[in-house]
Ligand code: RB5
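Heads up, the chain below is alone and in the form predicted alone; it's given as structure tokens.
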């Protein structure tokens, strides 16, 4: 599994911490930018990352901005993406188990590296349960395909 990871300037420092965690745990990743704290527009980072996940180039993605909100909104505009903003481990686990989230978003100005690392660990470890949740996701996909 290779993870796409990206951030805007507000999430850059937390992204670096998450990359360190991924490397320590031998999780393959691709850093899709940004590469500094210079100001960038979050859609310019979130949308290409989400598109790469939607195309199947990466199984999952992690996108970080200042709050996690902007990148979550932008990523969810991409067909086939189920981005979840998580700032606690329970939400992270449930986003995978019940919603089959393929992108995790977080806020670099909201949570610290310890909690963020715990969230990523939980999110990567959780599997989609399927069953009744599959039926619900199919309804979302049907709508998405109709518009």
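Given the structure is predicted, the values throughout are model-derived calculations rather than measurements. Residue numbers count along the first chain shown, from 1.
Keep in mind that the form predicted together with the named molecule is not shown, yet the notes after this line are about it.
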Partner contact check in the predicted complex: of 74-82, 29-37, 118-126, 60-68, the stretch with a heavy atom within 4.5 Å of the named molecule is 60-68
- request: May I ask you to check whether residue 109 falls inside a 4.5 Å heavy atom distance of the named molecule in the predicted complex?
  value: yes
Within 1-37, the residues having any heavy atom within 4.5 Å of the named molecule in the predicted complex are 8, 9, 10
